[in-house]
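Presented as structure tokens, the chain that follows is alone, the form predicted on its own.
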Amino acid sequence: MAWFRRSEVVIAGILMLAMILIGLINPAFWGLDNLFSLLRSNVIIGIMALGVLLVMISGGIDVSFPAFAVAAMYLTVKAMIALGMDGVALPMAMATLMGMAFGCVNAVFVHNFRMIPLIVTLGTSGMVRGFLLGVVGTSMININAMPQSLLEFAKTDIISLSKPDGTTYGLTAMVLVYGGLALLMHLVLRYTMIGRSVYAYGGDAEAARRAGFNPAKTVFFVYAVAGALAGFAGLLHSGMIWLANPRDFVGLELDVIAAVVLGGASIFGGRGSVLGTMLGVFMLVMVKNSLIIMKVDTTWQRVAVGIIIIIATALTAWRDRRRQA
């Protein structure tokens, strides 16, 4: 029976009930085109959520990843156009390394200067966005100017189907990229020493240090990986929407943190799982998608996300206090 007490099982059960309820209200929810669209919407938020999960397990918080994502995306696309770069491997590596470098800046302030992670990431977020908009530029790069290799890569489908009216829809291959990164993150957290150090550091930093874990290595790993995932997701996002907008991702931190907390990660650190986070991402995306289908105004969608954060955080805090007691 202990299996039924796992957060992931509870979240999966709630998710299934929500899907059945939404399907009864709007049968169009179960259409393959809508389900494929849901999975597509999970990709970018999900990849970023993996990084935020890592930070939260370590006992920190990160609100700078949307700024890192947009900076890595816009600078890389600009470089691709200016240098006439072909292919996607090198640009993806560039965006990932750029995000990683930004994440290391967070780690320096959090570890070396013992600063509060929320304050640090708020500061670096403002600095990076300010530099991007004030120095690099504010003009959008539309589909006509976007690198074709990036667009072709992001347009790849696993399955392609046709509707009765002749229009086509498909399941993007980017879900495999998301799934691969999620599997890798799960393996790192569960079966490597650095993964164990993240859980130990989030549970009790001093106890982790006495047990032989290196706090500096742990903190730098956490923020560097979170930044790298943000940079990678940012460039992938521009290919998927055929646009590079330097003002993108504003307010996305609320959605991603909501998904991670909804997935069972503890706000106090030391607890969280990749599967729970993926379920939390899917639930959040599904709720927002359903509100759009029901033509609920965007303002009220933000209210719904805020309510989800409060309820999920309250339940997480209550669970952790019970376990401590």
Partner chain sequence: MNTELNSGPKNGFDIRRLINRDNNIVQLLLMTVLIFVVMTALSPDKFLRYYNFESLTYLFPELGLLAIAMMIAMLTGGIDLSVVGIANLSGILAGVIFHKIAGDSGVAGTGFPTVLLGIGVAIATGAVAGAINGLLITRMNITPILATLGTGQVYTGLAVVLTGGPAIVGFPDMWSFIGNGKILGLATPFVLFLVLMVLLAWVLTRTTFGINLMLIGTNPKAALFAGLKRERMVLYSYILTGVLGSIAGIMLSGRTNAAKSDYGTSYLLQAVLIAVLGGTNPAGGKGSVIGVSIAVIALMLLSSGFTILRFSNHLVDFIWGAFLLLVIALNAWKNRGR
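Computed from a prediction, not measured in an experiment: that's the story for all the values here. Positions refer to the first chain, counted from 1.
In what follows, reference is made to the form predicted in complex with its partner chain, a form of this protein that is not presented.
The contact with its partner chain in the model of the complex, taken as any heavy atom within 4.5 Å, belongs to I267 out of I267, L39, I293, V287.
Checked against its partner chain in the model of the complex, the candidates V225, A182, V120, A154 yield a single residue with a heavy atom inside 4.5 Å, and that residue is V120. The closest heavy atom approach of G87 to its partner chain in the model of the complex falls outside 4.5 Å. Proximity of R247 to its partner chain in the model of the complex: non-hydrogen atoms within 4.5 Å are present. In the model of the complex, its partner chain lies within 4.5 Å of some heavy atom of I61. Its partner chain in the model of the complex comes within 4.5 Å of no heavy atom belonging to A216.
With its partner chain omitted here, the record of contacts in the model of the complex names 107-115 of 87-95, 162-170, 107-115, 237-245, defined by a heavy atom within 4.5 Å. Contact with its partner chain in the model of the complex holds for none of M73, I141 and M283, as no heavy atom of theirs lies within 4.5 Å.
Counting a residue when any of its non-hydrogen atoms is within 4.5 Å of its partner chain in the model of the complex, the hits in 116-134 run I116, L118, I119, V120, L122, G123, T124, G126, M127, G130, F131, L133, G134.
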